[in-house]
Each structure stands twice: as structure tokens, then as C-alpha cells.
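Heads up, the chain below is alone and in the form predicted on its own; it's given as C-alpha cells.
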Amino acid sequence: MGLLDEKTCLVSGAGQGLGRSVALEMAAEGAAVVLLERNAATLASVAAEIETRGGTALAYELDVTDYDRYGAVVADVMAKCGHIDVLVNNAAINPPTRTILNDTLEDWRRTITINLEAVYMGSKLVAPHMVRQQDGRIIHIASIQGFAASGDCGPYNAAKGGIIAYTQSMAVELGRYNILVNAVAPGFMVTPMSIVNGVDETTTPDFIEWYVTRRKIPLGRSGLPEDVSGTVIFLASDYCRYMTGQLLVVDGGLMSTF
């Protein structure tokens, strides 16, 4: 449909799961997509898929916690494209389940650094360019775990909850520059991140019984990346003009049940 024609969009964690789906859809909508991914193989695969379909991809192998490298990448994109219109802060990790009784400070710091601090730094690196343009969209990928806890992934809960709060703060700070900042909170999704302790949590008998058969998820299934990426496209497009500081929950109705 050309919803993102002539826009340059950065997507972190673009090599798999939701990041991959967002990148492919953005390219299909006409954007030049900047792929940020630490896995060289999946990075190359997504870039090749976009280009095979006639889209434009700029691929950068990047660990989002390498802030010097991240800054150099943003500078290179500006030199090549002249503008950055959309930033999707998607890169994250889902560490093994632990509680405050058996985790470590190292576990906590690693999760917070990748899932929250890198969101701050990515935004900090890109926002000044959007300010100069007096236009831009920053989209954070949060989670329903940001406001509903399972009790065994505290650092992940804290990071995603922090993203939700920071979305509102950034929206207030940057609204005067016509920069819209919003977040998306997926529910249970079938992605590599749904594999916890070696098991895909969306395929276990207990999950199927409670969330699917008993319709704790009213739509009766886990989500797919494609179920969520369209929401990101909306937030990046000109159809989203008067919405900022908001959290859009895409969870098949899970949070509407009790």
C-alpha cells in the first residue's frame, strides 16, 4: 500500500521473530529498512529476503549494548539516507526463569541492560536527528509482562514495565518536536523468545489446556509475529497522527480475562 514510502526505518533485533516480521512489512510498505542484528546469519537472511522482494535493506551487525558502534551506525545511516523517520526498539532477551531467591545480580544487570538501557540509548542516539527534522516515530516493544507478572522473571518484568513508563515520559518530552512515541505490548507469541529453559512455552500441555482449550486467550491461540507487526506499521505510518504516549496491547484478548 506504500504506507511508508520514502521513509527510513530502523529496527533492532531484526533477524528473527517480531523484528523480522516488522522489517519485512516495513519494506513491503515502501520503507528503506535499516536492520540492526547481532546474529550475522539471520541478519543476512532478512536483508536478502527484503531485496529479493524488491525492497531496500541496509544491514548492520550490531550488539545494541555496544553504544559506540550503535552511534557509528546511526551516523552512517544519516550519511547514506539523510533522515531517520522511524525507530523500532525491539531487541531483547528472555533469560531463563528465576526468582529473586535464586537469581544473581549479573542476571539482573544483563536483562536490564539489553531490554531497557539499550532502548534508552537507541532512542537517545536517534532522537536528535528527529528533532532537527521536526518529525519522527519511536516505537518500543514492551510486553504484557510489563504489567502482569508470572513470578519467575522479575528482571524481564522490570525492564518491560520500565519501557511502558519511559514511553509516556518520552512522549511528553518530544511531543513539541512532532515526535510520536508509543509502545506495543504483545501477549504470548510463537517466536524464538517463547522458548524458555529449552521448551516452547506455547506448546506445553498446561499452556494448551489453560490458555487455548479453556480460552484464557479468548481468540484461542498464541499470537504470531504477523499478528503484531501490523500494529507497529500503523504506529509508524501517517494513519497515526494524534496518538503518543500510548501502549497498544496485542494479546488475543488475554488481559481482558480473569
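Values in this document were obtained by computation on a predicted structure and should not be read as measured data. Start at 1 with the first residue shown and count on from there.
Note that the form predicted together with a small molecule isn't included here; everything after this is about it.
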- Query: Of these, 73-81, 156-164, 175-183, 128-136, which stretch puts a heavy atom within 4.5 angstroms of the small molecule in the predicted bound form?
  - Reply: 156-164
- 4.5 Å heavy atom contact, Gly122 and the small molecule in the predicted bound form: no
- Can any non-hydrogen atom of Met170 be found within 4.5 angstroms of the small molecule in the predicted bound form? no
- Message: Residue-level contact is defined here as any heavy atom of the residue lying within 4.5 Å of the small molecule in the predicted bound form; does Glu29 satisfy this criterion?
- Response: no
- Looking at the partner-bound form in the predicted bound form, is Ala91 within 4.5 Å of the small molecule by any heavy atom? yes
- Message: If the cut-off is 4.5 angstroms on heavy atoms, which of these, Pro218, Pro192, Pro205, Gly54, is the one near the small molecule in the predicted bound form?
- Response: Pro192
